[in-house]
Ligand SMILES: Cc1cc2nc3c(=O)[nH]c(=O)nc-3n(C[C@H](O)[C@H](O)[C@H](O)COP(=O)(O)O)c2cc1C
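Presented below, as structure tokens, is a lone chain in the form predicted alone.
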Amino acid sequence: MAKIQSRKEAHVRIAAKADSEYLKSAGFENIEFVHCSLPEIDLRKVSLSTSFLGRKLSSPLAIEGMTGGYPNASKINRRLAQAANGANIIFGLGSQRAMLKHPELAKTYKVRDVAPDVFLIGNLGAVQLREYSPKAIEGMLKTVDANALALHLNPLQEAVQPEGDLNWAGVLHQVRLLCDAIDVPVIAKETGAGISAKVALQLKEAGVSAINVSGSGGTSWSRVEYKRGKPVPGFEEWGIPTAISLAQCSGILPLIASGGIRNGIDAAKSIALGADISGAARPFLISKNPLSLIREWEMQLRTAMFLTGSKDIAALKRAPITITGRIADSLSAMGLSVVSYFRR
């Protein structure tokens, strides 16, 4: 148990530092809104409200899953969950594998006493599905009273992690079996390397309810692992930038954007690219006042909507944008029409 706790604590400690991030960006600097100098709406009446997987939310934001499984994780989860509850946005837990192995660690994930109404997403690695039955996973979710399950896809991290799970054969089949067996929605979530359209379609066919693209440009988990040990070098910058992953996966399933989202303007751009929810982890982890940071992001998002003439989230999804530079080049190489985003 001490080994699990030590690894979990090291992950959070390293991820909180600026040098844990990708050197390449998520791509949002190549996305620009077309400014509307005659918006014809009242800024004060711009609506951020939205729905996701049947839950009404005050804004399309999420505090992404980060931690659990060691003593100080409880304090972090409760602090962030309380902020998310106060703002009526989504909150995600870190991987719950530790509590499946050691049930006494469940208390580090429990937040319902301080966040009774938050939309709470549980978390487990997809590669671990061979170890645990759907009944055990349902029990894990009920213990924390989760509304959904994020199955995280982290082959990059596992490949470079000293104690990583390297056998990914048959994982998609296990995902399908779990989706058929449990009642809560399953969200397929990458961990910083992005999801391609091909994989998104496979996940849809397997029965997942939504996708969190979690592209490159934010925390680099391969870089985090390099700081823990001596794995295979050279993969610090591996992955699909978030902006590209969003454009590829748009329209396949409901989408959460994460990976390098660093303010409400990035969130607005991610929604214009096809996301339904925009989330982040590190900015809230290091914030002294996460609820205040949520409000700041909401004001930035609302102002961006006003300046594009978007009265609500549905209108923001149709707001014209220009895509240039490396993101435009990559999307064009994939056969995706860049100009269609400007002409809508």
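Values in this document were obtained by computation on a predicted structure and should not be read as measured data. All residue numbers refer to positions in the sequence shown, first residue = 1.
Just so you know, the form predicted in complex with the ligand exists too; it's not on screen, but the next bit is about it.
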query	finding
Ala304, Leu61, Ala275, Met66 - the one with a heavy atom within 4.5 Å of the ligand in the model of the complex	Met66
Partner-contacting position among Leu291, Leu285, Leu53, Leu48 - heavy atom within 4.5 Å of the ligand in the model of the complex	Leu285
In the model of the complex, Glu190 touching the ligand (heavy atom, 4.5 Å)	yes
Proximity of Ser270 to the ligand in the model of the complex, heavy atoms at 4.5 Å	no
Non-hydrogen atom contact Gly194 with the ligand in the model of the complex at 4.5 angstroms	no
4.5 Å heavy atom contact, Ser95 and the ligand in the model of the complex	yes
Triple contact flag Asn123, Trp221 and Gly259 to the ligand in the model of the complex, non-hydrogen atom at 4.5 angstroms	yes
In the model of the complex, segment of 137 to 145, 199 to 207, 259 to 267, 110 to 118 with a heavy atom within 4.5 Å of the ligand	259 to 267
Residues in 139 to 172 with any heavy atom within 4.5 Å of the ligand in the model of the complex	His152
